[in-house]
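To begin, one chain is listed below as structure tokens, in the form predicted on its own.
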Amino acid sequence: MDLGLTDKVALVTGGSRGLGWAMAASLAAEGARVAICARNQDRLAQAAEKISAAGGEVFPVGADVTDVADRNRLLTAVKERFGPVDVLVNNVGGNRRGMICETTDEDWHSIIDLNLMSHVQLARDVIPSMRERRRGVILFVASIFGREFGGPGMSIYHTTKSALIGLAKALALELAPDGIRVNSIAPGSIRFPGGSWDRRCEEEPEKMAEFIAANIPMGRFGHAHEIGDVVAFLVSDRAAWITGACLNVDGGQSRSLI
């Protein structure tokens, strides 16, 4: 199936590893011209090399998307290299665990800036050009724990990821008249080399086997490429009638009925 992504300009934030890298790789495999950004320059270069080796067109840009100067530099570099952004995948994110009364204002501000405000700001940055061309796709990477409770100590993560789902819905309705689609995805527990689930599987294999049996009906952790392939479809012309949606990609892990 031709997804219609050939020569589309896609920007994936947090694209140096894990889900971000898998999304970028899937987009590049479909013919998109992909820019990836991250703070770790060495890891970013390695990610770009792997995509290039597979035949994809990729442009790595070291940038901290929570910094306005870096965001401006990133978007200028991408425009000069490929042209205006057709597809924005806001993937960057993180967490600081802690019970609500034990977290600090700095904890909250740091993760809100990373998980939410950088997404808002990058979306606002690319929307004017998309409006001019009357086309574009914006995708926010949330989590099943933005849709439902994932356990104590995750208040900041819950708050910011659920905010992304609401943001995607609001933007989708605002931008539909301009031909711009906006969606979010809610990945479940995904294992990839160097990720937290991978480390826990190595350290606590029996406990992780119990976790899978209790929480994931498909009987295994998800793979990063399974998220990447869903993203490639959702930002493609084949998903032209999907906007304002939040799509679970979780092997049945989530419990929500909506």
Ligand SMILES: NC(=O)c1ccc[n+]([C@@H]2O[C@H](COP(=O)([O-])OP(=O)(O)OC[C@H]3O[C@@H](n4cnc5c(N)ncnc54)[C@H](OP(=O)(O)O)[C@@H]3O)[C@@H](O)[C@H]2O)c1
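Bear in mind the structure is a predicted one, so any value in this text is a computation, not a measurement. Numbering starts at 1 and runs along the sequence shown.
There is another form of the same protein, the form predicted in complex with this ligand; it is not shown, and what comes next is about it.
With the partner left out here, this ligand still marks one of 59-67, 229-237, 200-208, 26-34 in the predicted bound form; by a 4.5 Å heavy atom cut-off that stretch is 59-67. A residue is said to contact a partner when one of its heavy atoms sits within 4.5 Å of a partner heavy atom; I212 fails this definition for this ligand in the predicted bound form, lying far away. With a 4.5 Å cutoff on heavy atoms, I190 counts as touching this ligand in the predicted bound form.
When contacts are judged by a 4.5 Å heavy atom cut-off, L11 does not count as touching this ligand in the predicted bound form.
Shown alone here, L88 lies farther than 4.5 Å from this ligand in the predicted bound form, counting heavy atoms only. Screening V78, V141, V137, A168 for any heavy atom within 4.5 Å of this ligand in the predicted bound form leaves a single hit, V141. Along 149-163, these residues reach a heavy atom to within 4.5 Å of this ligand in the predicted bound form: Y157, K161.
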